[in-house]
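In structure tokens, one chain follows: the form predicted on its own.
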Amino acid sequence: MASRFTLPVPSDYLFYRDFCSYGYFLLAPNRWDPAARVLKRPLELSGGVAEVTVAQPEGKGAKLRVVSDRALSRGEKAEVSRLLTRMLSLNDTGVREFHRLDPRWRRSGRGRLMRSPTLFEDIIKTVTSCNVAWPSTIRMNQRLCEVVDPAFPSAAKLARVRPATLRARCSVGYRDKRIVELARLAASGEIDAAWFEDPGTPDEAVLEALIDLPGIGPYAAANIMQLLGRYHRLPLDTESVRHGRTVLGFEGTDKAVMARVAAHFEPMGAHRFRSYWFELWNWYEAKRGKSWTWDPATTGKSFTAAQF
């Protein structure tokens, strides 16, 4: 028997807009239905895997309606609420300040960024998104869910998988050993999610700890930081250079353009990434329509500039 319950959201929260705000919404095990504006995905809970369906039929500010494919205990409902709260950034208190700094996004309401239900999932998804084309990122995450765990592999489960298995069956390439090393660190508690998530932990300490992790360089660390709600750093890459030239009109070498992009968003302070990202996202949407209309099987596989 299914369980049904609701989840309160901030008054400015619009599910389809705010969930479809970052590319990870297209990665397994997320399944976005653009016609119904509904999310389905399995979650690993204390009593086992449950698939949840999330929607907001009554519109902005209305409670989310959550339906599971099996009966949930009171504790499991609390787990689902906690995981969705993180995933949907429902506790993000910085949107109003961001809109004051960059009022371009006030009318559209853009401000919150989706992420994964857990920090570990965000770390692995970041590893699978570096130095590779977007379709390959999609494939890696799909295979991790098909081969290891449909709810996305936990650290404990990935720690028990042989690197060679990940390479052969999940198409992760050179990332195989790094993924297993990260899983073992997380499973042992050496990657302490609570410490990383604690707002009281200094940004520089978080950055240093991330860069110390296997397979995490400066770009990946900056990306994971924004997934932690620490938006003051920019994960600059070839997309940033393309954006600097195409949208901002900067000229020069790649290095010079990247430096100018960083300087351009400096006035946004603690909200640099939000300002940069929504400008970038707006360019994608101008090419392919609003992100919540993207079919994951078609447009969702080609939303990067290289594919355009």
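Start at 1 and count along the sequence shown; that's the residue number. For clarity, every value in this text was computed on a predicted model and none was experimentally measured.
Absent from the display: the form predicted together with the DNA. The rest refers to it.
The candidate spot formed by 139, 173 and 237 is fully in contact with the DNA in the predicted complex: every one of the three has a heavy atom within 4.5 Å. Think of it this way: in the predicted complex, the DNA has a heavy atom of just one of 63, 255, 31, 70 within 4.5 Å, and the residue is 255. A heavy atom within 4.5 Å of the DNA in the predicted complex is found for one listed residue only; from 220, 209, 84, 145, this is 220.
The DNA is not drawn, but in the predicted complex it has a heavy atom within 4.5 Å of residue 131. Though the partner is left out of this view, residue 163 does not reach within 4.5 Å of the DNA in the predicted complex, counting heavy atoms only. In the predicted complex, none of the heavy atoms of residue 157 sits within 4.5 Å of a heavy atom of the DNA. Taking the partner from elsewhere, residue 114 is found to have every heavy atom lying beyond 4.5 Å of the DNA in the predicted complex. Contact with the DNA, judged by heavy atoms within 4.5 Å in the predicted complex, is confined among 117-125, 91-99, 163-171, 75-83 to 163-171.
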